[in-house]
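We begin with a single chain expressed as structure tokens, specifically the form predicted alone.
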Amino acid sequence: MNNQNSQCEIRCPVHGFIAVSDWEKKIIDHPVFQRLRRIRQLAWTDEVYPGAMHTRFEHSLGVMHTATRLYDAIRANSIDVLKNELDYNDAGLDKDRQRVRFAALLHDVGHSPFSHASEDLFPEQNGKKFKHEQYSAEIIQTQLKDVIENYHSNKNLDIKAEDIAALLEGSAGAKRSLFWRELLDGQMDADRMDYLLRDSHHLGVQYGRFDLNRIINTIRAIPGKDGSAPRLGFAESGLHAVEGLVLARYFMFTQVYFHKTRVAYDLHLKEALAAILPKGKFPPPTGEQLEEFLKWDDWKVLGALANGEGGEHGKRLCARNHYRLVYKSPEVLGPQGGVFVNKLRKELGGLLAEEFEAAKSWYKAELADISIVNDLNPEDVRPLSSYSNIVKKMVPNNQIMFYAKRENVDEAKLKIKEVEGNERNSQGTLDFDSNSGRKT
């Protein structure tokens, strides 16, 4: 870090230099944020891609930087909409800029060890499992409240910790600032923009790359119609950059995040953590239990594994003796494909050690559709799916993956071949699509 006039710059391999104010630096220096240095972005992915050792710490800085660039571009490109429809003045825009920066910086502060790989072990409340965003919101309003609210510059802005938490959660408490939430949680949010580029960089792959600069240059605030609120969209000249981000996300999930061995390690990690954690769950984000939760990070889990904890799955993690993939269905499994998978599951019986559904929706149409503004006629606003045949035809993934223990792989594969042979004899094919269940 280089201090200069209460500012510092942090060198980033993705964005170059990230500017941080003294106020933000005090938040970054807080122990609950420094904890993110000890939480890997992609869990055990380094077992497949050795460069995947980056953490939630640098990702959070990158999201703040990207969200700020998007915010500044919207302010420059759509100042009339912001002032006329949302009643912003320059002071209000300055305040919400800082609020967005804080929310982006702190959006992942509630992650559990090894990030998403362990979220299944969050406890439930009223029948619903907690999400890491709820942990983040609670940490902001308790652990970080003082450093946010009592900094001397805040006398001018009067930003409250609860304001930042409301923006993250999308609650009514965010008021007018809800307009900016799409920068934090949406189909074109700063979070995915950063993780796609950052993960691609550290893994050494090209799948997640897209034209970030073009996206930033073409983002707009679109006026509301018939009493509706303004929303975010993009100029038509940025259409293919937007389309590129959607496709980059698809490629990263199918080629990297759903990689067969990476998935296996996530499965082992979840089971090992369930054996290590008291009662098999993380503490909830309330009171003293939140402080207990914050004691958990990758280092603590790795120490437990090194001490022989974690049961069978802990041993498999340490010995790199992961389950092996024996079957993978098509990405989109239709009704007939589902019948076939059920037959396989039944025939494999005890040979099936674990299964995983690679379920993901690549694009949300209808109300969530990304808006595109006609370059020649700004009154003409249409959804991205009406421009892009590729995006329009993207359907949710529901791929099934079956795993077996190494010693059972050969027997499991023989069973699978038997079922496949019987299916070919009766149906003539094994290629299932999402509609008829069988390609013609």
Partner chain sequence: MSEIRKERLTLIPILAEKHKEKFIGRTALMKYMYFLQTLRDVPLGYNFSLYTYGPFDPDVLSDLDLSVAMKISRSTLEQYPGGYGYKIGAGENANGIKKEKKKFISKYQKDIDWLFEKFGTYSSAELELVSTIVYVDREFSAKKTKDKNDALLESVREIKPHFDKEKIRKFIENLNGNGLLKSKK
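Positions refer to the first chain, counted from 1. The model shown is predicted, which means the values in this text are computed figures rather than measured ones.
Beyond what is shown, the protein has a form predicted in complex with its partner chain; the following relates to that form.
- Contact annotation: of the candidates 413, 382, 26, 406, the single residue with a non-hydrogen atom within 4.5 angstroms of its partner chain in the predicted complex is 382.
- Of the residues 283, 334, 244, 238, just one reaches its partner chain in the predicted complex with a heavy atom at 4.5 Å or closer; this is 334.
- In plain terms, the part of the chain that comes close to its partner chain in the predicted complex, with a heavy atom within 4.5 Å, is 392 to 400 out of 58 to 66, 392 to 400, 41 to 49, 28 to 36.
- Relative to its partner chain in the predicted complex, residues 99, 148 and 188 are all farther than 4.5 Å at every heavy atom.
- In the predicted complex, at least one heavy atom of residue 230 sits within 4.5 Å of a heavy atom of its partner chain.
- Although the partner is absent here, residue 181 lies within 4.5 Å of its partner chain in the predicted complex, judged by heavy atoms.
- For residue 128, a non-hydrogen atom is located within 4.5 Å of its partner chain in the predicted complex, even though that partner is not displayed.
- At least one heavy atom of residue 357 is located within 4.5 Å of its partner chain in the predicted complex.
- For the stretch 152 to 171, the set of residues having any non-hydrogen atom within 4.5 angstroms of its partner chain in the predicted complex comprises 169, 170, 171, in sequence order.
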